Ligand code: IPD
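Before any questions on how it binds or moves, here is one chain, the form predicted on its own, in structure tokens.
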Amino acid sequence: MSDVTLDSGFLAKVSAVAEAGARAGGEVVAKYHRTGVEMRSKESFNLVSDADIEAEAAVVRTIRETFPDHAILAEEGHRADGNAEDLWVIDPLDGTNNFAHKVPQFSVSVAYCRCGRPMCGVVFNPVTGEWYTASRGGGAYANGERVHVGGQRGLSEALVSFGFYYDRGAMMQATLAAIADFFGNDIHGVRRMGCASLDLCWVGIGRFGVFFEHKLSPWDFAAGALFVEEAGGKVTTCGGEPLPMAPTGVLATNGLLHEVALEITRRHLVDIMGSR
């Protein structure tokens, strides 16, 4: 991605709209969390519901009120060029499987990007009330307080978070093999939380030293990756390249652990386009 800067006034404006959109989507998600919703299955392990669809509509509606001509890339039906000049990247309900089972680890994720580069992002858990916000060059904030990544200098000091893509074959096996290698470095343990946007934010606030997943979509990582970077961490693909605004593997660390973690994820790379 090329280096991009925004006028401070415009950055403040898109940041405010991102927060308003996340709040609107969060109200829908919280309502369905209280009252219940029928889950429909793309596959037995890939669920969707009216909560996802209505939350996306609420976020999009909020954005369109201020920026009617901006492109939108979102999980439940809006498709746009990931390198569009003005692009909103939305996950209306990240962690749908958690949501379906009443596990309160899910979020609404909203990011504004300029030419493929995230410039502001919001990740909001409407049940716990956790707000994570970041803007390019403006830092990362959790519930309004400036935050930074942890200071772990070796994997033996780290808790590692990871995710599984829906693939139950080679990608799952590669993930398990990478976890075994992390354990070989005497990590404190692993956590599989089931919500990539929050996993990334938890790297940013220092709970995790490392997060990796072999395949994520832009709406899963756009806001969270910016949060990690603005908190002082580092995010690349699992092979060490800059993140594209396209499906990719993601490795996020506190920066100090990036090279040693990258040695492991590189060792277990998989062809993500060859998997579903």
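Since the structure is predicted, the reported quantities are computational estimates derived from the model, not experimental observations. Start at 1 and count along the sequence shown; that's the residue number.
Just so you know, the form predicted together with ligand IPD exists too; it's not on screen, but the next bit is about it.
Q: Which one, V108, A196, A134, C113, lies within 4.5 Å of ligand IPD in the predicted bound form by heavy atoms?
A: Exactly one listed residue reaches within 4.5 Å, namely A196.
Q: Which one of G163, G82, G206, G138 is close to ligand IPD in the predicted bound form, taking close to mean a heavy atom within 4.5 Å?
A: Contact residue from the list: G163.
Q: Does any part of R192 reach within 4.5 Å of ligand IPD in the predicted bound form? Heavy atoms only, please.
A: R192 belongs to the contact set for ligand IPD.
Q: Though only this chain appears here, would V123 touch ligand IPD in the predicted bound form if you measure heavy atom gaps against 4.5 Å?
A: No, no contact at 4.5 Å.
Q: Is L93 close enough to ligand IPD in the predicted bound form to count, meaning some heavy atom within 4.5 Å?
A: Residue-level check for L93: yes, a contact with ligand IPD.
Q: Taking the shortest heavy atom distance, is M245 within 4.5 Å of ligand IPD in the predicted bound form?
A: No.
Q: Report the stretch among 223-231, 54-62, 236-244, 210-218 that approaches ligand IPD in the predicted bound form to within 4.5 Å, counting heavy atoms only.
A: Only one stretch passes the 4.5 Å heavy-atom test: 210-218.
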